[in-house]
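Take a look at this single chain, the form predicted on its own, given in structure tokens.
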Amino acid sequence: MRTPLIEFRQVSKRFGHNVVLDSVDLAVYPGEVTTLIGRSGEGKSVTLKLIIGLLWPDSGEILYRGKSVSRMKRAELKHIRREVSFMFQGNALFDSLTVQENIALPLREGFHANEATIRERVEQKMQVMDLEGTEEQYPSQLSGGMQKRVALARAMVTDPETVLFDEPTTGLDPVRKNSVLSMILSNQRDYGFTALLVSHDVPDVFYISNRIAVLEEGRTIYQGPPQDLEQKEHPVLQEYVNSQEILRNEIYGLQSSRFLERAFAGMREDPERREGALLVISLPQYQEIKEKVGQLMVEMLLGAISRAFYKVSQCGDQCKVARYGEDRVVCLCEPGSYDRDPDKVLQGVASELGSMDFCSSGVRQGKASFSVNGGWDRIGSHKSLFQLVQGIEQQKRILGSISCKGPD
């Protein structure tokens, strides 16, 4: 069994009557990237400050390399602080110091290195972080992304065993945010340090993390690999896993595939509701649309399908419209909830789509025509939702097409 590099055992911390951490257990393993996520005010930054001794717990125990921090002597604590580096939220760069001086600061204050060593280390980190040419500039003269690079170079200039990152991408645009996350991961791989991040960038941080820890109401409700989060039924965990999908579904009025599975199971088990219908509209050339016209266009198209379902069927809450897979929208309708034949509903949806202009900006080159397929079936009692959808799609019934042409 692996031994954690950093371990919290039933750690609690309060400020006045506000309990921030309530008997928290946490394990950070050596050589890994662990990301701590949670809503604002859940104690993520407090957790980092407890690790480096800026705060002390009210109860519980914090272990470093298996030894209780509270029982360590001053020399041992000093050694830990030399091994652990901290990248503060907001960078915490000194405006009165140049880039070179900011990066060199930990070597001068904590390590008392000689000037030759300082110069060599600083030059190396500036080269790694692509900061050459900014040596004599001040933080106010740099962009937000460049300031993050300086802060990261300063955090790594001592070649630490562990780096704590407090919201390293706060305030950055998506391109610079991705650049910083990629930079953290590439440096972690190159130098092998242990990384503990506090971040709100879900799900982006899942892709660079070996482990995720989730704080909710002062407690750790999950610790483990990010891919295992999808298997947990806890609503808060599902919210993090499906954050982008949830936003998109709310905008388009779509239910989740999990919600649809539960609703379908309930209808199939009720003899009076088995006569309900499942309608499916899919985009067989989903990937081609995405490549030729763009991700936003294909998402808007699927959103238009969901709105058209509601408009044409006029069944209100009696129909559950959901995204089922990336390339299809399905509509689960209670028996008697629609006044029109399912075939006419599908044709009506196709007609609605045909009247919309999805390709006003054209494709990147040439022309492209994309088919819209549809079909339906009764729910019955013997087929799963997946089997029913597959059977409908095997009919390969084309409802219509969308044509786009590139610039002349």
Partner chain sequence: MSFSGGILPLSTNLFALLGRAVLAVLQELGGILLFFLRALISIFKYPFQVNKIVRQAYFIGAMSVFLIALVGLFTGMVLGLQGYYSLTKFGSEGVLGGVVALSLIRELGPVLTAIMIVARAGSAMSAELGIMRITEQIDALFTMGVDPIRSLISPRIVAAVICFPLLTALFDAVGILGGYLAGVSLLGVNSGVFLSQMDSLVVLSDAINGFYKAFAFGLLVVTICCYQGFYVHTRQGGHGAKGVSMATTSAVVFSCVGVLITDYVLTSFLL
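The structure presented is a predicted model; accordingly, all values stated were derived computationally and were not measured. Residue numbers count along the first chain shown, from 1.
From this point on, the text means the form predicted in complex with the partner chain, which you will not see here.
With the partner left out here, the partner chain still marks one of 73 to 81, 321 to 329, 203 to 211, 271 to 279 in the model of the complex; by a 4.5 Å heavy atom cut-off that stretch is 73 to 81. Not displayed here, the partner chain is approached by residue 90 to within 4.5 Å at the level of heavy atoms in the model of the complex.
The partner chain in the model of the complex is approached by residue 86, whose closest heavy atom lies within 4.5 angstroms of it.
By the criterion of a heavy atom within 4.5 Å, residue 49 is counted among the residues contacting the partner chain in the model of the complex. At least one heavy atom of residue 95 is located within 4.5 Å of the partner chain in the model of the complex. Contact annotation for the candidate site: 106, 110 and 154 all lie close to the partner chain in the model of the complex (heavy atom within 4.5 Å). Note on the partner interface in the model of the complex: the residue among 41, 53, 30, 380 having a heavy atom within 4.5 angstroms of the partner chain is 53.
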